[in-house]
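Here we start with a single chain on its own, the form predicted on its own, put down as C-alpha cells.
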Amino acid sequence: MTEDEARQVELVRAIELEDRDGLLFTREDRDQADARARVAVGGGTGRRADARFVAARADFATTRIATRHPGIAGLLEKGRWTRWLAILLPLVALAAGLLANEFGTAKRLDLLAVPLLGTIAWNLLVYLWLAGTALTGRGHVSAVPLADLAGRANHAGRREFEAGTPIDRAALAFRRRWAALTAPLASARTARTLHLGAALFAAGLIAGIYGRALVTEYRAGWESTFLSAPAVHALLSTVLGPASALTGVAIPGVPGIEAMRWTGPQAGALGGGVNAGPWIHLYTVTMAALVIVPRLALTAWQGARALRLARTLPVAGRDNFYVRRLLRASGGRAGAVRVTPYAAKPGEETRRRLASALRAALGDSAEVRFDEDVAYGAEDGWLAAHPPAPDDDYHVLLFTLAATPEAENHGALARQIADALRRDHPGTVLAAIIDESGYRAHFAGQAGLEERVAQRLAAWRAVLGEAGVTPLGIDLSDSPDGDLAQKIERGLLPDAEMRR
C-alpha cells in the first residue's frame, strides 16, 4: 500500500479496536464501508483485491469519522516539520560550508585546518558506522524512536481529542503503531537528508575557499604544538596523496613542509607560507572523492529507498485477525475453525451444536471442521502428522471436564500447538473449550456440583494457562443455541483486538 493508504488503514484499525461499543464508527457505518469497498474491488480476488478492499474501506471510514471528529484530519496529515527539515537542513549545511572561514584574518590556508581535515575524518567515521549497521542490521531498530520523535514533533502543541476518551486512546495507539511501522521509512528519509546536508556542507566549504581565493592571494602553511614536519608530511601524504597522484600536483618533501612552518623558533624559511592554489586543488579533489560524491550517491540510494517504501508500505495482512475479519466482509473466503477433540468423544449432536454456535459467533459462512479424536497420550505423534493449517482463523481444542487436566498431556498439546502457531501462523487464534456436559450429567442432583465444576475449571485454567490459553467451560448439551453462541463469542475472543 502507499503511505497514505496505509495511514488510513492503520488509523481505522486503531479506532475500531478501541471502539468496542461502536460509538465512533457505528455498525451501520461499518456495513456501508464494507459495501463501498466491495464496489471498489468489483469482484476481484487475490492479494491485490484484498489490499484494495481494505484501503477503500479505510478511505470511506476516515472520511466518515472525520466529519464527526475533525481532529482525525490532523492524524492523516503528513509531517509538516519533517518535510520542512528535509529542505532546511541541507540549505543550512550549504550556508555553513560557505561561511566556514578557515583563512582567518591573516589570509592564510592552514594545511591542518579542522574544517578540512575534520570534515574528511568525520565522513570516514560515518562510512565505517554505516558499514557496521549494515552488517549488524541494527539500523532499523534505532529508527523506531526517531520515527516516534518525528511524530511527536509533528503533533507538538496540538491536542486533537479529549484526554482519556476512546478516540484519544485510539489516536495514541495509532501513533505508536505508525511510528514502529514507518521506522524504516523515517530512517531512509532522515538518512537522505543527512547525506545531502553533508555533501552540501563540503561543497559549500570548497566553494567558499575558491570564492575568496579569487580576489585575495592566500598563503598555505601550517603550525602545530605537537606535530613535527615529518609527521605533518606523513599526514598530508596520506590524506592528499591520491589527489596528488590524480592531478599531478606534487606534495613537497619533509624539507619543503618544514619550510612552510609559520611560527615558533623552528619557523621555516618560507614562514610566510606559499601560494595556496595547489593545496586548494588537492583538497578540492580529496573532498569531492571522499565526501561529496559518496554522500550524493548515498542520498540518491536513500531517496530511492524512501520512495519505494512509501509506495509499498507493509501493513497488517491476512496474518492479522482484524484484517481477516474485514476480508470476510468482502465476500471472499469465509472464516475457518478447526476443532480438535482430545481424550474426548463428542457425539454427533454435540458436534452439531458446537458447529452451529461457532457459525453463529463467527458468521454463517464460517467453515467448521472437526479433527479425528486424539487419543490420550497420542499428542506428540498426532501433532507431527497434523500440523496447524495456514488458513485457519481458530484452532479450538475440545476437552471434557470429566478428565483431570495434566500438564504433560493436555498442557503439552496446547503448548506445542501454541508454539507452532506462534512460529508459523501467528494469525490463528488458539482457544480451548471444556465441555461440562458429561461431568454435569454424571453428578446431576448432587450437592456442591457448581463448586466442584468451578474447582475443575480452575485446574484447567492453570494447566492451559502455561500455553497462553484461557479455556472456556460450557455445557454443550444444555444451553440453547443462541446462548451457546454468545458464550463462545465472549469466551473464544479473549483478546480485545479480536472483538468488533
Partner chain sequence: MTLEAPAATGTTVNLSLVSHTNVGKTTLTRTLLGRDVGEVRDAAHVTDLSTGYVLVQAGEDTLMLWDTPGFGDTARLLSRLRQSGNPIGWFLTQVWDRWRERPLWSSQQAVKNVREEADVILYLVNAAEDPAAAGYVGLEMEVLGWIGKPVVVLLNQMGPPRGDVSNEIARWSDIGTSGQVRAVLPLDAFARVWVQEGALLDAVAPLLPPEKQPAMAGLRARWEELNRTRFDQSMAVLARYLAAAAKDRETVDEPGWQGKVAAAVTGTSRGDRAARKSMQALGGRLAEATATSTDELIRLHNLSGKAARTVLERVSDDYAHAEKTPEGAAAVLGGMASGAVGGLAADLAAGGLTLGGGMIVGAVLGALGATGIAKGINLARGEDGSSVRWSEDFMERLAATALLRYLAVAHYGRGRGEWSEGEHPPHWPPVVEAEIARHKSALTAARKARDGEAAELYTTVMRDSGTAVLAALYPDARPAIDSARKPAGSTISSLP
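We call the rigid core whatever largest set of C-alpha positions still superposes within 1.5 Å between the two forms. Since we're looking at a predicted model, the values are computed, not measured. Residue numbers count along the first chain shown, from 1.
Absent from the display: the form predicted together with its partner chain. The rest refers to it.
Residues of just one listed stretch (468-476, 437-445, 32-40, 61-69) have heavy atoms within 4.5 Å of its partner chain in the model of the complex: 437-445. When its partner chain is considered in the model of the complex, Arg369 lies well away from it, no heavy atom lying within 4.5 Å. Pro405 belongs to the set of residues with a heavy atom inside 4.5 Å of its partner chain in the model of the complex. Heavy atoms of Ala49 never reach within 4.5 Å of its partner chain in the model of the complex, leaving it off the interface. Its partner chain is not drawn, but in the model of the complex it has no heavy atom within 4.5 Å of Tyr127.
Among Pro390, Gly253, Gly377, Gly118, the residue placing a heavy atom within 4.5 Å of its partner chain in the model of the complex is Gly377. A heavy atom within 4.5 Å of its partner chain in the model of the complex is found for exactly one of Thr284, Thr193, Asn409, Thr82: Asn409. In a rigid-core overlay of the protein, Tyr439 has its C-alpha displaced by at least 2 Å between this form and the one not shown. If you fit the rigid core between this form and the one not shown, you'll see the Cα of Tyr210 move by less than 2 angstroms. Comparing the forms between this form and the one not shown on their rigid core, the Cα displacement of Val453 reaches 2 Å or more.
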